[in-house]
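Below, in structure tokens: the form predicted on its own, a single chain.
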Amino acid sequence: MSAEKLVVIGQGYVGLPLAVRAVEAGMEVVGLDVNAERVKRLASGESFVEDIPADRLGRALGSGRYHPSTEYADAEGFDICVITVPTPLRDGVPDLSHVEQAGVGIGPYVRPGCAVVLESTTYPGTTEELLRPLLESASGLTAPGDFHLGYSPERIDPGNPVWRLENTPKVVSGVDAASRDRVDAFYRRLVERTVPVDSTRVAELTKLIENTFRQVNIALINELTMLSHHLDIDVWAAIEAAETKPFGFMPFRPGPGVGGHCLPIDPCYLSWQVKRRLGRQFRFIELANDVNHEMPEHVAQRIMNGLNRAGRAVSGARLLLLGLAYKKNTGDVRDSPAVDVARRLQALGARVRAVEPYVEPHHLPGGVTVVGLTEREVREADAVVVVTDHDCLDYDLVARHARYVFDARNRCHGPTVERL
């Protein structure tokens, strides 16, 4: 009996871990991606996703059951297809063009009994109202009935050593009970626990709730941090004290803003749909977006003020930024607040250097000199700024030798350190 054939459309931070895990579960996997250079690198065993080290990718390739490709023709005869493509915002409006392209591309290869699952984050109704008509039109089949269709929100947390694809509960759904059961059976081969829900709309909303919860609470703490600074109160100490309460509280930490493909974007999908369908504003989301978007400017202003107190103008100052990724221990700079901070400081005339061990050089912002974290670099900087707190960086070295540190992540301590 031949192995079940899986097609994963999109081989990024979500699709590649899914593809490799399915190979490990014994499936035949085609990893489709429109980026020919990415496919070429994957085929040569080069991984650009921290959660999939090169040796794990090499084993998947060595099995003969993982096939990176740019050609939809390689999807022919598939049993299951999972769509994991980006869903960005364009001028504040959801851009589902990648989902549409995936639906049009895979549609001709949909056959009776197969299953298509959308994982991309989107507004409730996308699976049934957008994706289903594309698949039905291209295939001449219908769902439910001829083929299965479902939605399962991705829950990948890049760089998290504890919660991985395998042990993170997976929400699953379908356009009918048979589709849900087919989707559930597929994911049960890959993860420890599935969480079936009654409809694709519920599953789509689940993802938006998760990230809206984080966005709103981060904004709450960020605004509180800005106010606490003016009130001369140590917000970090207050959060640590509040964290001792064993019920009714969950700690969130302040930072220079939010980034990546989730928090700055996903809640906007929900507020956009609420406004479109109901003609109402989702005020919590809009306020949270305003607060979090303000943070890079607040950080740049605090750095400028700190330099002024030392009698040094920001224009012409040599600044050393630690981290440019949006999240520690990853190389992802999508919508990174650290990059925003760097650009704002450059606009003020600062000479910006950065320590960034994860981000590939071609993704780094222009005009920023990338250096190693050495005692000399720290000593020669007018200010060292902790923006993204990668665990591999030596924060004790920074605290010992820097003349001034602005720490947006609470990693350095000492007389020369100013915390966000």
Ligand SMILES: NC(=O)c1ccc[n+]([C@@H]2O[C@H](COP(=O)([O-])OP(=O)(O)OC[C@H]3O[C@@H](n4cnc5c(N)ncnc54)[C@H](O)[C@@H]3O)[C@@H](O)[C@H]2O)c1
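Numbers for residues come from their place in the sequence shown, where the first is 1. Values in this document were obtained by computation on a predicted structure and should not be read as measured data.
Not pictured, yet referred to below: the form predicted together with the ligand.
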Checking a candidate spot here: are Gly12, Ser120 and Pro158 all in contact with the ligand in the predicted bound form (at least one heavy atom each within 4.5 Å)? yes
Which residue, Phe147, Phe78, Phe282, Tyr72, is the contact with the ligand in the predicted bound form, using a 4.5 Å heavy atom cutoff? Tyr72
With the ligand left out of view, choose which of Val371, Ala54, Val34, Ala43 has a non-hydrogen atom within 4.5 angstroms of it in the predicted bound form. Val34
The chain here is shown without the ligand. Which stretch in 339 to 347, 191 to 199, 78 to 86, 305 to 313 comes within 4.5 angstroms of it in the predicted bound form, by heavy atom distance? 78 to 86
My question is simply whether His98 lines the interface with the ligand in the predicted bound form - judged by any non-hydrogen atom within 4.5 Å. yes
Asp266: heavy atom within 4.5 Å of the ligand in the predicted bound form? yes
Spell out, yes or no, whether the shortest heavy atom distance between Arg38 and the ligand in the predicted bound form is within 4.5 Å. yes
Do Ala102 and the ligand share at least one heavy atom pair within 4.5 Å in the predicted bound form? yes
Between 363 to 390 and the ligand in the predicted bound form, list the residues on our side with a heavy atom within 4.5 Å. none
